[in-house]
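As structure tokens, one chain now follows by itself in the form predicted alone.
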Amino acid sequence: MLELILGGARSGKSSFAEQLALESGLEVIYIATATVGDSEMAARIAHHQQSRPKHWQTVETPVDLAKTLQNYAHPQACLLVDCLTLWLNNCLFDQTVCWETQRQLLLEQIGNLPGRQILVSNEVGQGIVPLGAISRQFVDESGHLHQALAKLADRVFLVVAGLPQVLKG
């Protein structure tokens, strides 16, 4: 089963995803895409680490998400990816990575993986059009990725103020 959870910053989307993973009864493998760029991001990462159960396996994957999903997916696993927008950021700003290739690899295999996959991502396209080409590219690529994944997903949620709203499924 593929689930996509969208929401703004501090909307409760990660907590909701973790609740779904915990309730699945499956082996949870937490796939973290964040990288420590500054002290504020280090604090965010620490908060996420402290909030999840200690027995969950964590795999840090800043770029090669499709490969990681393929390596860890199995019928008794729940793969929780947090989060796609950080992954997108990592891909866009790493000059050695081709974003289009990474995106295509993910979209080609995500619907065929065994077990359960829960994907968390920030909804960034509901504000004003940002100034600057790279910021607009980020918002555009995020929106295109969300649309493609929502088509493939069995369930899609939007989390607002800690309240999950079912968009699909």
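Just so it is clear, the model here is predicted, and its values are computed rather than measured. Just count from 1 along the sequence shown to find any residue number.
Below: the form predicted together with a further copy of the same chain, not depicted.
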Quick one: is L22 in contact with a further copy of the same chain in the model of the complex, heavy atoms, 4.5 Å cut-off? no
P114 near a further copy of the same chain in the model of the complex, any heavy atom under 4.5 Å? no
Can V124 be called a contact residue for a further copy of the same chain in the model of the complex at 4.5 Å between heavy atoms? yes
Would S135 show up as a contact with a further copy of the same chain in the model of the complex if we use heavy atoms at 4.5 Å? yes
Taking 4.5 angstroms as the heavy atom distance cut-off, pick the stretch from 53 to 61, 99 to 107, 26 to 34, 137 to 145 that is near a further copy of the same chain in the model of the complex. 137 to 145
